[in-house]
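Next up: a single chain in structure tokens, the form predicted alone.
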């Protein structure tokens, strides 16, 4: 694996690979890697694609400073994991490298409805920060394929919209959410959970499985309420338990039994905010 810290060196190398006719797959991360990330790294290898990953904790997408400060950093372990799992190139930039003109006066992206609901509603400015860093990284790496995880369902939709808005020539490939043996969705934030919190965190996945089992055509508001009350009884602070259309994230109260839908949850376990989702049909 080759490690680059400078954009000029990375782009020169990438240009060489493209001149050789190589296909480029890109997996952007913020580090604190787990098997969910690794599944995305492995994916391009199945298609004879050079795999590029990045580790960059992006300050512009944290709407709470303390969340940014406490984001887990496990760089040595991350590098070892990437190398062992066949990553070809790692981009490890500084904040100045990504934002040479500073963090203010960044581009604004018209994300429309996606920025008004769920994560957009509860984390104002978050998706603007995501778009800023992803746009910058895609412009630098210029990959043929971008590999993302379904666990960040709404973020995947936002990045697809970003690519359409900016007319970047990158195809998005979304990998399934990987779960621990008890059902908990793999997440870098899980590293911040203590032993008791880790045991309780699985309740979020249990809530989604409950919704999937109980969903029926007709009014779904009572099912959402039951699911939310279950988490509240377990001492979670709930931002939302919602059911939405899978293609647009339109929140629904009634379901025709045919429309593809997704259940989404965001809740705090003490000070740690966890999200998860599940396609229901």
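Numbering follows the first chain given and starts at 1. Just so it is clear, the structure is predicted and the values come from calculations on it, not from any experiment.
There is another form of this protein, the form predicted in complex with adenosine monophosphate, and it is not shown here; the text below is about that form.
For the chain shown alone, residue 149 is a contact residue for adenosine monophosphate in the predicted bound form, at least one non-hydrogen atom being within 4.5 angstroms. When adenosine monophosphate is considered in the predicted bound form, residue 40 lines it closely, a heavy atom lying within 4.5 Å. Among residues of the shown chain, residue 71 is one whose heavy atoms approach adenosine monophosphate to within 4.5 Å in the predicted bound form. Adenosine monophosphate in the predicted bound form comes within 4.5 Å of a heavy atom belonging to residue 176. Proximity to adenosine monophosphate in the predicted bound form, taken as a non-hydrogen atom within 4.5 angstroms, holds for one residue of 170, 166, 155, 106, which is 155. This chain lacks the partner; the member of 249, 50, 30, 215 within 4.5 angstroms of adenosine monophosphate in the predicted bound form by a non-hydrogen atom is 30. With the partner omitted here, the stretch from 117-125, 82-90, 141-149, 98-106 that lies within 4.5 Å of adenosine monophosphate by heavy atoms in the predicted bound form is 141-149.
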